[in-house]
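The chain below stands alone and is given in structure tokens; this is the form predicted on its own.
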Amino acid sequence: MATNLSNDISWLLEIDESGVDFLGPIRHWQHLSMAAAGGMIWVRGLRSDDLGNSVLRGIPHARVLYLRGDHLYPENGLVPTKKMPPGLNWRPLSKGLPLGFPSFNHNYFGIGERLAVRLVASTVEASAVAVLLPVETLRSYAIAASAVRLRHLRWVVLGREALVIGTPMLPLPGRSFWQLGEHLLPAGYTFEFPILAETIGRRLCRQAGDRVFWSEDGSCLVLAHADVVPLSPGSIRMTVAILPAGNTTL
């Protein structure tokens, strides 16, 4: 049985300093504190149940990391990417963020006038390319599946669920998504104004291979290409080992 390492780590949020205004929706979370250095902002104090919160996950370009010792690791990674800067000045989030409105709202696009991004029911049938399902359901299937069945699939953990991308899709129940450019949209939905899809993708994706994952209510999450990894029994076991307590068991 693998050991859950979540008791040995601390969860943090990392965001470019230029995007500090996007932290406004979580400014009132009194258990969080923040510090800045070298053009980056870190938010610490995240609890395991915060990680799946749609408000936190909707902050553009925010990266969830975990701290072990003085090293920072990607949310689902086992190799550290950097060291935590020493001597940071940590302040409560409510004191570190001034009250006000962001100069740019990621949910609005357009020239001159603002236009809200909404998803609407689609009359056009599109083939699904991704499925969202409980991590435990995926684990039970993947550890017994052949490598050939999994080789075209990639996956990422979103809170207490797993998003599996690629075809042929797994024969497992879950919420299906189809792809429009860089966007993964819920099956049966599309943009109210599909012509904006390319513009929205350029605004939200930082590099080639990034995807924008959408919910029916119009909220979205940018999936960095590096965070979506090949699906294999090994990646399932390693990822489950570092999930927060209560996510799943192995």
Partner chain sequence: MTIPGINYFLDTIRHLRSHEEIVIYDRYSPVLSEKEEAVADFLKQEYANESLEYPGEAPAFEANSAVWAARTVYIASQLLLYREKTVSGMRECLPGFAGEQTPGTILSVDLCLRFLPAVIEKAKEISPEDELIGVLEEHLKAWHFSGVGYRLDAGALGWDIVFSDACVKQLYIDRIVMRKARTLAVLPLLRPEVMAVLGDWTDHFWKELPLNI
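Quick caveat: nothing in here was measured; it's all calculated off a predicted structure. Residue numbers count along the first chain shown, from 1.
Missing here is the form predicted in complex with the partner chain; even so, the following discussion is about that form.
Colleague: Do Arg149 and the partner chain share at least one heavy atom pair within 4.5 Å in the model of the complex?
Modeller: Although the partner chain is absent here, Arg149 would touch it in the model of the complex, with heavy atoms inside 4.5 Å.
Colleague: Contact between Gly234 and the partner chain in the model of the complex at 4.5 Å, heavy atoms?
Modeller: Yes, Gly234 is a contact residue.
Colleague: Should Pro168 be counted as a contact of the partner chain in the model of the complex, where contact means heavy atoms within 4.5 Å?
Modeller: Yes - in the model of the complex, heavy atoms of Pro168 and the partner chain come within 4.5 Å of each other.
Colleague: Wondering, does Ile9 line up within 4.5 Å of the partner chain in the model of the complex on heavy atoms?
Modeller: Contact check for Ile9: no, nothing within 4.5 Å of the partner chain in the model of the complex.
Colleague: Thinking of the partner chain in the model of the complex, which stretch from 176 to 184, 137 to 145, 155 to 163, 73 to 81 has heavy atoms inside 4.5 Å of it?
Modeller: Single hit among the candidates: 137 to 145.
Colleague: Is any part of 171 to 187 within 4.5 angstroms of the partner chain in the model of the complex by a non-hydrogen atom, and which residues would that be?
Modeller: Not one residue comes within 4.5 Å of the partner.
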